[in-house]
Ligand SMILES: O=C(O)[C@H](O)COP(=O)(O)O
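Just the one chain here, laid out as structure tokens, in the form predicted alone.
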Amino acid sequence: MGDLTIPTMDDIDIRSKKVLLRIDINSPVDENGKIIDDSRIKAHIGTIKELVDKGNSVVLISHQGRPGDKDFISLEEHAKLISKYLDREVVFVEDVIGPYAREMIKKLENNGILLLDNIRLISEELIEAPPQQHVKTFLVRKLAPLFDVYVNDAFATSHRSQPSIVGFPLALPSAAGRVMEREVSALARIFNAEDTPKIFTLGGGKVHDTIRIIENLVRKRIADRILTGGLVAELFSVAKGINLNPKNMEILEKLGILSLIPRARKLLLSGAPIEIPVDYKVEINGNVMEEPASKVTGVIKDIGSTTAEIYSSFIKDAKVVVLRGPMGVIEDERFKSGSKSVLKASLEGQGYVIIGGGHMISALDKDMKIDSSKVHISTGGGALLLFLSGERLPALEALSMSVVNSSD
């Protein structure tokens, strides 16, 4: 991965060992604290099963929410769901580093599985600091001596520099789990110079985040084409001098997007390969219409059909396609077609497809087939954003340090 060597579960001896496995099962919950989406829990089942099948005893650690937030709850329900999907007992331990937790870890036999309680019950887990500092925390000093190996499978948390992420690799032989490995392998293709052309389709409403991504892609000359949709497209249209009418300008102003015009204009002047829509799907008095980008009178809600065709033709010839953020307001069925078009073109094309985030997934039709050998759906969220923005991910840095440590 660039200049980092990241060990996987194939690189270290993990048989009949006591394994500490960091997963990310942080899940959305309802007002009663019940889990409403368990997809992150399901994602880790393969890694857990592989470790148990190799005769290891496995202790799982994860966070859920933040202290003070409504989703800051115990991991008891998570343990029941892991147990259900594994079809074997997972013992929930209502403790993290206290005497009870440590005794349960010591007594755990081969093929046994424990899930410790919410790791953010330990205040140290909320502190961002370098690995060299976190290896000295109570969390790492109390737990590390009880284990032979540490495995990090929590890619979605890899942008955090917290003890459960970066402390243990300096204390134990460590490796990336299968979820982490798949994410890193997929994202490495973005920087592989041989995989060209690369198309980035960037939309949605998180414009401040997306402009950081575009600045990095342009600075490193990674993207052959950047296709814009959503509010991102509106920003670059305005930066090009296109009048999107007062209603749309008012929306952009309210969201603080107009302040980004100088940065967008600088990118355009530098010759960045940014494509903007030539037409839009708009809403006028509750009616849906298509209008050319230069003569928009309604409120913009999606890219138009001509734009969708142009974008699809670019995508079909790409070797790598990265999709982040929808092309329109996909919560409204009337404005899903732009996102569906680029998604369909990506899945039918020859290239490798990386889909970042759940919004684009929701645009999938039931009849759209996903070939897992050429499509990667990232669980990354904030980690994916930072990666695409050119930031280094602390979890990967720490795992690469473990290679050095274990070979000394």
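Only a predicted model underlies this, so the values are computations on that prediction, with no experimental measurement involved. Throughout, we count residues from 1 along the sequence that is shown.
The form predicted in complex with the named molecule exists for this protein as well; it is not shown, and the discussion that follows is about that form.
Exercise for review: Could you confirm whether residue 156 comes within 4.5 Å of the named molecule in the model of the complex, counting heavy atoms only?
Suggested key: So residue 156 counts as contacting the named molecule.
Review point. Would residue 63 count as a contact of the named molecule in the model of the complex, using a 4.5 angstroms cut-off between non-hydrogen atoms?
Key: Flag for residue 63 set to yes.
Check your understanding: Is residue 40 close enough to touch the named molecule in the model of the complex, meaning at least one heavy atom pair within 4.5 Å?
Key -> Heavy-atom contact with the named molecule at 4.5 Å: present for residue 40.
Review point. Does the 4.5 Å heavy atom contact test between residue 336 and the named molecule in the model of the complex come out positive?
Key: No, residue 336 sits far enough from the named molecule in the model of the complex that none of its heavy atoms falls within 4.5 Å.
Exercise for review: Work out which of 182, 225, 120, 263 lies within 4.5 Å of the named molecule in the model of the complex, going by heavy atoms.
Suggested key: Here the answer is residue option 120.
**Study point:** The single option of 26, 56, 346, 47 touching the named molecule in the model of the complex, heavy atom within 4.5 Å
**Key:** Only one option qualifies, and that one is 26.
Practice item. Quick one: find which of 307-315, 101-109, 144-152, 158-166 has residues within 4.5 Å of the named molecule in the model of the complex by heavy atom distance. Key: Stretch with heavy atoms near the partner: 158-166.
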